[in-house]
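Below sits a lone chain in C-alpha cells, taken as the form predicted alone.
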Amino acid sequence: MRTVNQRISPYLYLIPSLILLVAFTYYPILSSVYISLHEWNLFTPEPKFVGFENYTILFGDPLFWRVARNTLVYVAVTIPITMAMALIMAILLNERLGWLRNAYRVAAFYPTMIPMAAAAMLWVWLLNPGIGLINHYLASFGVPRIEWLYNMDWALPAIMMTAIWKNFGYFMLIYLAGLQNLPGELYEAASLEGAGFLHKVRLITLPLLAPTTVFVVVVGIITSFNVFDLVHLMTQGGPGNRTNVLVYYIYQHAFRFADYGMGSALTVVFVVMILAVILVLMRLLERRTHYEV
C-alpha cells in the first residue's frame, strides 16, 4: 500500500504548472468576462456595472459584423489554401529528389523563419502599386496596375497572400513528419497491385494523414484567428475597415480608445467564436479520422 507521501508527491510536481496555468490562462479569461460586464473607459475611471450592455451595443454595431465577416473570410480562405499547398509540397519533398531534397525543404520552410515584421515589410514593397514586383510582372501579361493595399476589394486578399506565403512552410513540415511515419509496406503492396501515384495519395496517404490534418486544422484556426501583425503593419485595418479583423479590433478598443469594457466583451466573443469553429470542425473531422494504422 502506498504511503501518504507517495500519493501526494505526483500532485506536488504539478503545482508549478497549475500556478502558471491559473495565472496566465484562467485568471485572464475570468477577468475579461468580469470586465466585459462593466463600463470602464477614460470617462469612467472606476468600473461601473452595466450587465450585458456592452454586448448589446456590440451586436448592434454594423462595424462589428464587418470585422467578424472579414475574420471569417480570412480564416475560410487562408486555411484550405495553406493546407493544400503544404500537403502538395510535403508529398513532393517526401519523394526521392537526390541531394536537392534538403535544399528544397529549406527553401520551402525559409519564409516561416522570417520575422513577421520583416515579412510584412517585404510584401508591402512587393505590393507597392508603383515599384512593386508583382505589378511589374502582371503588366507583362497586360494586367492593369492594382492598388493592392489601398483598394477595398484587393486589400484583404493581399494580406491573405502574405499569410499563406508565410505559414505554409510550417504546415508543410508537420505534414512531412506525418508522411515519414506512414508504413512503407502499404505503398509497396499498392505498387504490386499496379496502383499509380495519384491512387496511392488518394487511397493511402490522405486517409492515414487524417490525424495530422486534424492537428493542422486546429493550429491553422488558432493562427488565422489571431492575425494581428500583418494587419497592423500593412494596412492598420484599412481601407474603410476592409482588413480590420477581430484581434485588431480588440486592440483598437482596449489600447487605442482605452475602452476596456468593450475590449473585454470583444475578447469574450472572440474566444467563443474560436471555440465554436474548432468544435464544429473537430466534430466533422473526427468522424473520418482513424488514429491507428
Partner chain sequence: MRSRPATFSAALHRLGLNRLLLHMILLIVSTITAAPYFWALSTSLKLRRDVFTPVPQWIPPNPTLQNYVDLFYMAPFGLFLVNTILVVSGILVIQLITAPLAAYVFARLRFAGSGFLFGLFLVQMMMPIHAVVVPNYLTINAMGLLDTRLAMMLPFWASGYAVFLLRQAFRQVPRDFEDAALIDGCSGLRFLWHVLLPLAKPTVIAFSLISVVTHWNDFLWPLIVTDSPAVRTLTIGLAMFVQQESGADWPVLMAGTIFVTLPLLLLFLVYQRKFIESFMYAGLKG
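Since the model is a prediction, treat every value here as computed from it, not as a measurement. Between two forms, the rigid core is defined as the largest C-alpha subset superposing within 1.5 Å. Residue numbers count along the first chain shown, from 1.
The discussion below concerns the form predicted together with its partner chain, not included here.
Residue Met121 is the only one of Ala76, Met121, Leu206, Leu138 with a heavy atom lying within 4.5 Å of its partner chain in the predicted complex. Residue-level contacts in the predicted complex: of Met160, Val217, Leu72, Ile174, one residue has a heavy atom within 4.5 Å of its partner chain, and it is Ile174. Per the 4.5 Å heavy atom criterion, its partner chain in the predicted complex is contacted by stretch 28-36, the sole one of 64-72, 51-59, 28-36, 237-245. Contact with its partner chain in the predicted complex holds for all three of Asn128, Phe197 and Ile274, each having a heavy atom within 4.5 Å. Its partner chain in the predicted complex is not approached by Met152, whose heavy atoms all lie more than 4.5 angstroms from it.
Looking at Asn226, you'd find a heavy atom of it within 4.5 angstroms of its partner chain in the predicted complex.
Mapping the unseen interface onto this chain, Phe255 counts among the residues with a heavy atom inside 4.5 Å of its partner chain in the predicted complex. Though the partner is left out of this view, Leu284 does not reach within 4.5 Å of its partner chain in the predicted complex, counting heavy atoms only. In the predicted complex, Tyr104, Arg105, Val106, Ala107, Ala108, Phe109, Tyr110, Thr112, Met113, Ile114, Pro115, Ala117 are the residues of 103-117 with at least one heavy atom within 4.5 Å of its partner chain, listed from first to last.
A displacement of 2 angstroms or greater separates the C-alpha positions of Leu18 between the shown form and the other one, with the rigid core held in common.
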